[in-house]
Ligand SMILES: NC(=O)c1ccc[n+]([C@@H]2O[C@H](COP(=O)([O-])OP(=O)(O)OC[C@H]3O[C@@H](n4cnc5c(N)ncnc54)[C@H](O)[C@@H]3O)[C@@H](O)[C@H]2O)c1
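Given next, in structure tokens, is a single chain: the form predicted on its own.
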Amino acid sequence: MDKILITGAEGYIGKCLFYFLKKKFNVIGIDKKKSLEKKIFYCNILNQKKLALILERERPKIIVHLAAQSLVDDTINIKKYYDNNVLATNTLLKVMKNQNIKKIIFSSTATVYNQSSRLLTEKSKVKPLSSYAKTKLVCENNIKKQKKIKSIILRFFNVCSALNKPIIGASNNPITHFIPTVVYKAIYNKKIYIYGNDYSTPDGTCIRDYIHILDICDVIEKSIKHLNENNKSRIFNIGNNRGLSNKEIINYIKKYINPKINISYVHRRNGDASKLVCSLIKVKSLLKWKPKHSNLKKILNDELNWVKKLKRIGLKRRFKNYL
């Protein structure tokens, strides 16, 4: 059974992926946050010596690199993005090279693209606006320069929702993304703030391509198999191929979760594009993958189950800025 190492294994995607893959692969993880899981090792990737010791002992065949400074927020010091994204990735690549680990799957972002009213393909123009996206693109380029390491770069669109067996979702505090924020606030009857209603979209609010975490886990599994069978580097867009506006999501929540939610529109955030929706032609063709769980009903129902679990165990959430 292949051994897979997940970086950022205590993060949202990392934790879901760990439980998704562990029945099919020998899965280990590392994270700079301590874990209760025995197979997730406490290690900051920037600590090259400790990272090298773990990789030398465990000898993973493929590394799924999820660890990153991921919030799109230009109030965060650019050095944090550079250290946790670029420097950390370079350190990981150096250790992989030294130990002859030849395969990596890298989680990148759709925000590397220039905003467009058209569906974004892997050949669409890149023009990252945020510090987060800029550092992710640098990481992509540094990975592609590695002659002895084969890679699959996955440009994720808006990852959301939760697994339901076991129930696992985003547990970061403060909450930083739209869907977990609005579902949580709908349950607790808190005011919901939306960044901007003057975008060049049909209803004036941002349009995003939302992808269920279960589909993310599935496409990473297919990427592992593809690297094992083809040994060829690829870049894929990973989304739902359909855009939803902030207002559409709010209207659904009003209809099915809480009709009395209180909405307030505030100024835009720096770095936010008006529309990001992807084409899936390439990933459907080469990975034989398409999203199966990313309809709005399932996304919101699974997120609702996760929020109800948090409520049962008494875990309160905080919010970033206006969220």
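Note that the structure is predicted; figures quoted are calculated from it, not measured. Note that residue numbering begins at 1 and tracks the sequence as displayed.
Although it is not shown, the form predicted in complex with this ligand is what the next lines describe.
- Proximity to this ligand in the predicted bound form, taken as heavy atoms within 4.5 Å, picks out 151-159 from the listed stretches 96-104, 226-234, 151-159, 182-190.
- A single residue from the set 53, 286, 263, 43 has any heavy atom within 4.5 angstroms of this ligand in the predicted bound form; that residue is 43.
- Only one of the listed residues (172, 201, 146, 197) places a non-hydrogen atom within 4.5 angstroms of this ligand in the predicted bound form, and that residue is 172.
- Among residues of the shown chain, residue 120 is not one whose heavy atoms approach this ligand to within 4.5 Å in the predicted bound form.
- Though the partner is left out of this view, residue 84 does reach within 4.5 Å of this ligand in the predicted bound form, counting heavy atoms only.
- Though the partner is left out of this view, residue 206 does not reach within 4.5 Å of this ligand in the predicted bound form, counting heavy atoms only.
- Though the partner is left out of this view, residue 13 does reach within 4.5 Å of this ligand in the predicted bound form, counting heavy atoms only.
- The putative spot formed by 128, 176 and 268 is not touched by this ligand in the predicted bound form; no residue has a non-hydrogen atom within 4.5 angstroms of it.
- Contacts with this ligand in the predicted bound form, taken as any heavy atom within 4.5 Å, map within 19-33 to 31, 32, 33.
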